[in-house]
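What follows is a single chain, given as C-alpha cells, in the form predicted on its own.
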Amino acid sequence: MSTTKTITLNNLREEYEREVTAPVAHQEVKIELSLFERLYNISALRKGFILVLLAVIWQIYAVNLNNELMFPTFSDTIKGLGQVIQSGELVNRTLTSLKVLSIAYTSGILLAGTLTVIAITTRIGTDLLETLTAMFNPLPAIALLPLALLWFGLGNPSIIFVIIHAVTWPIALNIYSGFMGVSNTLRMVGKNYELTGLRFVFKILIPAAFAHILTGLKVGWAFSWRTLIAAELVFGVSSGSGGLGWFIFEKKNQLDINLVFAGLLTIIIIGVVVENVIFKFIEKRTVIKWGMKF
C-alpha cells in the first residue's frame, strides 16, 4: 500500500524585472573635524606640547628638590641662557663648535661615500669596506682621544679626527646597505641606458637608495654631535677659546650649574632643529616626494 504526500509551496517569491540605472557618480564625503582634531593633526603642535610638558616636569622636580647645585630649575636655566646669549659668550662657543662639526661631518660623508662607491664597483673594494667597518665601527671614538692628542696636538685637528672616525662607518654601512637593496629591475634599466661607473652610481643607485642614505646621514649627525661635545670636554680648548663642550666644562668648575644646564639645553635645541627642520626638509623634497616614504 503506497501513500502519496502532497507538498504545497505558498511562499514562493514572485519573479520581477529590475531596470538597470546609471551608476551614481563618485562623491567625496566630507566630515567636519573638531578644533581639537585639527590641532592634533599638526605634528609641530604635538611635539611642542611634549616639550612644554617636559619643561613643566623639569620645573616641578627642581623646585621640590630645592638644590640649585644639583638640579637648577627650568626658569633659572632659561634666565642663565638669556644672559650668556646676550653677552655673546654662548653664541661664540656655539659657532666654534658648529664650524668644527661642519668640517668633520662633511669630511666623514665624503670618505664614507668614496669607500662605498669603491665597494659597490669592485670586489676588492667590497672586501676593504667590510674589513674596515668590522675593525673600526665597534671602536668608540672617545677611545681615540689619547692617540689624537699625540698625533695632532691640542686643538681642532684632534677633534676633527675623532669626529671623522665617528661619522664615517655608520654612514658607509647605511649607504652600502641601500645600494645592495636596489632592485635588479632598476639595475637593468641602468645597463639598458649603458650607464657605468659613477654615472650608474649617481643616476641609479643614489636616487633608489636615498632613504637609506638619509638614515645614515641622520645617524652620522647624531654620532658627530655627541662626539664633538665629548672631545671638547676633554681637550676642546685651543688658543684660549673652545666650543660648547668647553663652555660646559668651565661653568662646572665655576659652579654655575644653571649655565651648565643652559649649555646642555643649547645642544638639545640644535639637535632638535637639525632633525626636525633640516633633515625634515630634505626628506620632504626627496624620499617623500618620490613616493619612497609616506
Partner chain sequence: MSTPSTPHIPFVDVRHLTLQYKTTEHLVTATHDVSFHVEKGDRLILLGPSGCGKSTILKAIGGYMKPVGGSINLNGVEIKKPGSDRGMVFQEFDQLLPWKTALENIVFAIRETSQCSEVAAIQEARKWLKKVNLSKFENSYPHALSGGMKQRVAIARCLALKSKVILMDEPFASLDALTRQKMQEELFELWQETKFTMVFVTHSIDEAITLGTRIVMLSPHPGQVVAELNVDLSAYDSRNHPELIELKERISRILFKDQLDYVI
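Quick caveat, the model's predicted, so the values are computed rather than measured. Positions refer to the first chain, counted from 1.
The same protein also exists as the form predicted in complex with its partner chain; that form is not shown, yet it is the one meant from here on.
Picking from 157-165, 92-100, 113-121, 205-213, which part of the chain touches its partner chain in the predicted bound form when contact means heavy atoms within 4.5 Å? So the stretch in question is 205-213.
Even though its partner chain is not shown here, does residue 78 get within 4.5 Å of it in the predicted bound form, heavy atoms only? Residue 78: no contact with its partner chain in the predicted bound form.
May I ask you to state whether residue 185 is within 4.5 Å of its partner chain in the predicted bound form, using heavy atom distances? Although its partner chain is absent here, residue 185 would touch it in the predicted bound form, with heavy atoms inside 4.5 Å.
Looking in the predicted bound form, any heavy atom of residue 128 within 4.5 Å of its partner chain? Residue 128: no, not in contact with its partner chain in the predicted bound form.
Is residue 149 close enough to touch its partner chain in the predicted bound form, meaning at least one heavy atom pair within 4.5 Å? No, residue 149 sits far enough from its partner chain in the predicted bound form that none of its heavy atoms falls within 4.5 Å.
Which one of 195, 222, 132, 142 is close to its partner chain in the predicted bound form, taking close to mean a heavy atom within 4.5 Å? For this set of options, the contacting one is 195.
For the spot marked by 48, 218 and 226, is every residue within 4.5 Å of its partner chain in the predicted bound form through some heavy atom? So, no: the whole triplet misses its partner chain.
Interface residues of 59-97 toward its partner chain, as seen in the predicted bound form [heavy atoms, 4.5 Å]: Going through 59-97 in order - heavy atoms within 4.5 Å of its partner chain in the predicted bound form - there are no hits.
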